[in-house]
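Quick setup: one chain, the form predicted alone, written in C-alpha cells, and binding and motion questions come after.
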Amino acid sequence: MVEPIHFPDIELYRGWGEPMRANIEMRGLELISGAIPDGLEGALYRCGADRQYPSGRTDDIFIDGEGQVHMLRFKDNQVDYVVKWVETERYKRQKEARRGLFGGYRNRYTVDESVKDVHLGTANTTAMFHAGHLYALKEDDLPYEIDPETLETIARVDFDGQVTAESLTAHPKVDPITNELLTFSYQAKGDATTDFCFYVFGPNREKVTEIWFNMPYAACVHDFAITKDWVVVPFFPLITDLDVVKQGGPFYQWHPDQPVHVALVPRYGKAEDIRWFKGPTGSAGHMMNAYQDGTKIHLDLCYYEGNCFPFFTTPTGERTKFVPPFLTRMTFDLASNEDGFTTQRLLNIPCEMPRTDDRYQGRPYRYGFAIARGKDASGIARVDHQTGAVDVWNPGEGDGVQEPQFVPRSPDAPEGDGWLLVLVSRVSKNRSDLAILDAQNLAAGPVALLKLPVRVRSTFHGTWVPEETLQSGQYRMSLSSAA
C-alpha cells in the first residue's frame, strides 16, 4: 500500500514556494499590454527545481528538487508556455514508487536502499543549446538531452563518450560567435575528490580541449568565466568532507579559515600552463563576465564577503550570518610574480543572477544586467560600466523577478541593443507574468507584458535560442562593427 503524501510544514514550501508538481502546456499567452516586438522569434528555455514527492526531511533547501524545463516559445506574434519534468533516472524511480526515495541534498548515503546505485542528478539548474542539441543540467551529473520542441527527455549523455568526468557544470558557456562550448567538471572523479576537468567542444560537438588538474580542496565550483585565451576558475571554501557526508551530514561546509584560490586555465593549453592566485576568504555563486586587458585579467562577479550559501554551516555547525553580494571586480596580473589579486566594488546595490549580452562573454564589454535588491533599487538593473549609470525596472511592491535574459535586436546589433526577457513573480496574485523590456531603457517599463495564469515557482538559469538557430543548430551572431 502506498503511503499518503504529506509535505513538511516548513517555510520553503509555504506560499509562493508551495510545490507545483505538474507538467503544463499553454498555447498563446494573453497579452496584457504593449506589443511583442517584430522579429522576436525563438525560444527562451529555463530550468528550475520542484518537488516531485516529499523527501521525508525538514532540512530541504531551495536549490534541491527534481528538474523541470520551462519553454517560452515566441512565434507568429504569440508566446506559448510549456513546462515538463526532466525524466532523470531518479525522477522515473520515484514516479514508479509513488514516493520520495532520495534524502539530503546530494547525499547518496541518505537515499532509500532501493536506489542506492541511482545517479543523484536532478537536471534542475540551467538549459543549454549547442550544435543543435538542447540540454538540462545540474552540476552533480551529466547533462540530459531534451527535445527542443516537445521538451520530452531523450537521454543522459556523455557527448558520445568524449566526457570521462562524472559530471558537467550547470554554468557552461556557449560562445554564439564561435559556436564553441566551454564547460567543466569539479569533484570530477566522485564526491569529495579534488579532480577538476575543463573541456572545450567545437561547433560540431568535437572535443578541442581537455585539461585535468587538482583543486586546492574539494570545493563547490558553481560558475566560472571565460576570456579569449584564458578561463577563470575560482575556488571558494565551501568544502565537501566525505566522512561528514557518510554520516548523513551536509554535502558542503563553510570553512572561514581557508583562502580563496583562483586558477587561470589556458583556453587551449595544458595543465602545466595554469596560473594560480589566492586571496582572503569570500565566495560567489555567479560571474557576470571576464576579459583580458593587456597582461591583466578582470573578473566581474557578485561577491559575498562571507558565505554565499548560509544554509551550509561551518564544521562546528555554526550557521553564518548572511552578507549581501555586491558586483565586484577581481584583477589578476599575469606579468606579476605575486600570487595575489586586487578587488574593486563596481556597484553599491546588492545584486545577483548577473547576465550580459552573450555575444560579449569573454570580451571587453559595457553593459551588465542583474537582479538588484536594496532600499535604493529593487528589480532588474542594467549597469553601464563605461559611465557608471544604473537603470532599474521595479515590477511593483511585493512582486519579484527571476534572472533576466538578453536578446539582441538583430544578430549584429550594437552591444546591449535589444530586449530583456524577465519572468515576474506576481506574489499577491499567485501567478506570473512575462515582461519584455527594452534593454536600453528599463525604467520605461515593459514594451510588452504577457500573463501567465500559473505560478512559475522557481527557475534558476536559462538561454535564448533564436528561431534561425533552432532550425540550423548554429548561432549566426556577430559583434557590432562599433565594438
Ligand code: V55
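All of these numbers come straight from a predicted model, not from anything done at the bench. A residue's number is simply how far along the shown sequence it sits, counting from 1.
The same protein has a further form, the form predicted together with 4-hydroxy-3-methoxybenzaldehyde, not shown here; the description that follows concerns it.
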ask   = Taking F198, K228 and N289 as a possible spot, do all three reach 4-hydroxy-3-methoxybenzaldehyde in the predicted bound form with a heavy atom inside 4.5 Å?
value = no
query = Looking at N124, T88, Q361, T183, which is the one with a non-hydrogen atom within 4.5 Å of 4-hydroxy-3-methoxybenzaldehyde in the predicted bound form?
reply = N124
request  = Let me know the one among I63, L40, L29, A448 whose heavy atoms come within 4.5 Å of 4-hydroxy-3-methoxybenzaldehyde in the predicted bound form, would you?
outcome  = I63
ask   = Can you say which of 137-145, 398-406, 365-373, 240-248 gets within 4.5 Å of 4-hydroxy-3-methoxybenzaldehyde in the predicted bound form, counting heavy atoms only?
value = 137-145
ask   = If you check in the predicted bound form, is H255 within 4.5 Å of 4-hydroxy-3-methoxybenzaldehyde, heavy atoms only?
value = no
key: F341: touches 4-hydroxy-3-methoxybenzaldehyde in the predicted bound form, heavy atom cutoff 4.5 angstroms   = no
message = I'd like to know if K84 sits close to 4-hydroxy-3-methoxybenzaldehyde in the predicted bound form, meaning any non-hydrogen atom pair within 4.5 angstroms.
response = no
query = Hey, in the predicted bound form, does F309 get a heavy atom within 4.5 angstroms of 4-hydroxy-3-methoxybenzaldehyde?
reply = yes
key: Residues in 440-476 close to 4-hydroxy-3-methoxybenzaldehyde in the predicted bound form, defined by a heavy atom within 4.5 Å, in order   = F460
